[in-house]
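Shown here is one chain on its own, the form predicted on its own, set out as structure tokens.
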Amino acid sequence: MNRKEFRDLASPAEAREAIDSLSLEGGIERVPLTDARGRTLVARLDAELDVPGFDRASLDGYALTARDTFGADEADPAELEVVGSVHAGEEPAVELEAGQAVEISTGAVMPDGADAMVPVERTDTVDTDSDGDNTTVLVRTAVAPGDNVMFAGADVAAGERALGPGTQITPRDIGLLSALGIDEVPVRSKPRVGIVSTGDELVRPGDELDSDRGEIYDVNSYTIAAGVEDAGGEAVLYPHAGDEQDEMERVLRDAAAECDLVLSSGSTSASAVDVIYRVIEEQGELLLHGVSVKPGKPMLVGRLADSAYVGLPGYPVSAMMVFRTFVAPAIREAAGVPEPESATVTGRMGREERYGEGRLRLMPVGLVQRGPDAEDDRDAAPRVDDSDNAPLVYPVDKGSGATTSLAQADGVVEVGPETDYLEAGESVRVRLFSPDVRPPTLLGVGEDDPTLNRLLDRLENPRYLPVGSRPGLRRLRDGVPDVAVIAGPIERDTDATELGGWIREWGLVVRPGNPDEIEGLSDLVDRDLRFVNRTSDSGLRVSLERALAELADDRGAGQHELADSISGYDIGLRAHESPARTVVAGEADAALGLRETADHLSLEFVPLGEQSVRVFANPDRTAKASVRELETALAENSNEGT
């Protein structure tokens, strides 16, 4: 199979034009009122009756003729004969004459002969005979004709325009339609969007995963489906399509026969096994392949049978960024859903970011507020501020293959193709993912640790990036995060404020019962045991290296010599549980880890030492409310441990 090459990439504007040329509209349907919220009307609705359809009382009191109350006041009330009562939902059985009144309930029909009503609190009643059969009401205020009465059609008059075409139906509109007796409405059909994830390696969440075969859980089907629903479309998930062209063609044609738009993810790049563009070329019409944007260069746009087609990249971040930027607006247009309220924030780059690839870059970023005053209102959106109080902006893009970049981001900075780099402190415009985005109250970086996870649970909306101790310390020196969590020895001093910390026991995590009878580091050096390490940026790795250096000194050998003798020493995993889980899976005999991790996974533990974990705050952020709350949580944790 020949390899497809990207030669002339389309511009972002050309990609939008290509998508706009496709027809995504699903037509018109009538839906019951119970399903109408959020849908878009396609025709004007006029009132076919008066609302209310009768003159009704606005309050509890007495219906009467206004003329009978003229001149009445507290000292000289009008005396009227009560000749009956009317309750809501019943037809009046009396007709008033001069000098008479009828007791009436809120919402009840005004009887003939009455043109006003008086509230009950402005009246008194007296019995005029011993049997109580005749009652007189004393009206202690004058009323004018129409007072406290809602006349027929006062709310909506028959023939009046109720709602116009293009109205996105809200709960208050449903109230109006209910009042008019309308039980179903004509609306734009939601565009049916078929979602097909391609790749032999994909497994649905909930099914068993075989990592040895390189299988991964399908992320795109669910995130894209959520995006489709959010944009006003109807998402339809189809079975995975493998990398074989006949199977891919079958699934795509099924989706095209049933949907207005087909969205696939994966198999769009220039790889020899990425064949989806061939299916579109042979079975439909390929309008565009390749866009000058990062992430998302291998986007496809075309037609398949009677359906529109867009091929998204396979990597989750690339897929979602392309969907949000190019596809979601087209779905909203077809569904008649207005563009969401835009929300942008002006911030300053927390560090320099180099680029220079000549393509539009959609860079996911996070926000962190520097000043303590930003914590006063936890529900407030970030401020648009060009002053030194503007929030810091930091990239959180881990690469298009990562799935957590968008989860840890607050918005996107569009970096033009002519931009080679963004300077630290440079003002940038952040387009938030939605107007209700609330950036974290605390941004922390550093070591991954179970005690830390429990401390963060005590805070409101923190964000923590487990980058490791060494990178965490570097980022703290750069001034972006509020705090950094550092485990083990610190090689050089740092200008930071220590908030507190704790001690953790570290060592080797081994199988239950320790069948290999591992007693210490020497066993890894001298015996043929499989070992899994932590990454070099971890504080645990630093302590292990120091322990290995001490063992080398005792033996009169070189540290690197001992490290080379340990099978798997250079295999480092990032999270604190990951090495231990290789022991659980039977893929290793021992792993670097914590006693707490061993206990949690029901494994055996061989102690090698204790390690301090310290939390350092950016000295400019110690007055931040969230930093103070973390300091309090650290103190409470210390007291709980004593």
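Numbering starts at 1 and follows the sequence shown. Owing to the predicted nature of the structure, the values given are computational and were not obtained by experimental measurement.
Although not depicted, the form predicted together with another copy of the chain is the subject of the following passage.
With another copy of the chain omitted here, the record of contacts in the predicted complex names 176-184 of 521-529, 95-103, 176-184, 75-83, defined by a heavy atom within 4.5 Å. Highlighted residues 47, 91 and 453: every one comes within 4.5 Å of another copy of the chain in the predicted complex, counting any heavy atom. Contact with another copy of the chain in the predicted complex, defined as a heavy atom within 4.5 Å, holds for exactly one of 349, 473, 280, 409, namely 409. Note on the partner interface in the predicted complex: the residue among 503, 226, 557, 144 having a heavy atom within 4.5 angstroms of another copy of the chain is 226. Although the partner is absent here, residue 260 lies well away from another copy of the chain in the predicted complex, with no heavy atom inside 4.5 Å. Heavy atoms of residue 56 reach within 4.5 Å of another copy of the chain in the predicted complex, making it an interface residue.
Contact between residue 448 and another copy of the chain in the predicted complex is found at the 4.5 Å heavy atom cutoff. Mapping the unseen interface onto this chain, residue 71 falls outside it, with no heavy atom inside 4.5 Å of another copy of the chain in the predicted complex.
Residues 156, 157, 158, 159, 160, 161, 165, 171 are the ones in 156-171 with at least one heavy atom within 4.5 Å of another copy of the chain in the predicted complex, listed in sequence order.
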